[in-house]
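Starting off, we have a lone chain in the form predicted on its own, written out as structure tokens.
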């Protein structure tokens, strides 16, 4: 059973998240303030940490920084209120991996938690494979039948996103947000074009794909 540490000064929200985690087979660990949260993060070594951005005393930014400074690579998800200045640059600076804006639904939060856990698990695996393709996540190298393949940064990011979400129907909008980010304002055709490139480089027969499957009217599904 995986432990998820929740660091939030809102008792009602802590209880709600705790109940959700228990119902989904996780072991919740709760901290009402940042200092306690950091101590629990370092002693319990949970599978994932949820931390509120705005807390009295030791806030979420400093909590994340202290956990990372201690050498902990535990996935960190920040909970931020609408209006908080939270962007991807700040996330990288404080060592967080993802964030969710309040108010959020429990289903959304659970989906993000599972996605982050899958991603961290995949990164620990270091090398993922499907068909005759191997992806070395540490070296960012993709090989097919032992030969290195040249992928653009966007193609590689899309490939790893598919690898982290196998056998899931992914809409074009979800893929755009996760791989490119809406702030870059790409067109949904961007996804289609890059999937075509991946098929040409990684499928045995690009015209009859076995891994990068089209879900008509929705988006794509990746099969290993």
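Model, not experiment: these values are computed from the prediction. Positions refer to the first chain, counted from 1.
FYI, the form predicted in complex with the DNA isn't displayed, but the following is about it.
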(request) Check, residue by residue, if 172, 190 and 199 all come within 4.5 Å of the DNA in the predicted bound form, counting heavy atoms only. (result) yes
(request) Find the only residue in 149, 115, 154, 137 having a heavy atom within 4.5 Å of the DNA in the predicted bound form. (result) 154
(message) Please tell me whether any heavy atom belonging to residue 214 falls inside 4.5 Å of a heavy atom of the DNA, as the geometry stands in the predicted bound form.
(response) yes
(message) If we define contact as a non-hydrogen atom of the residue within 4.5 angstroms of the partner, is residue 218 a contact of the DNA in the predicted bound form?
(response) yes
(request) May I ask you to state whether residue 161 is within 4.5 Å of the DNA in the predicted bound form, using heavy atom distances? (result) no
(message) At 4.5 Å between heavy atoms, only one of the stretches 191-199, 36-44, 161-169, 22-30 reaches the DNA in the predicted bound form; which one is it?
(response) 191-199
(message) At a change of 3 Å or more, would you call the C-alpha separation of residue 153 and residue 65 in the predicted bound form closer or farther than in the form supplied?
(response) farther
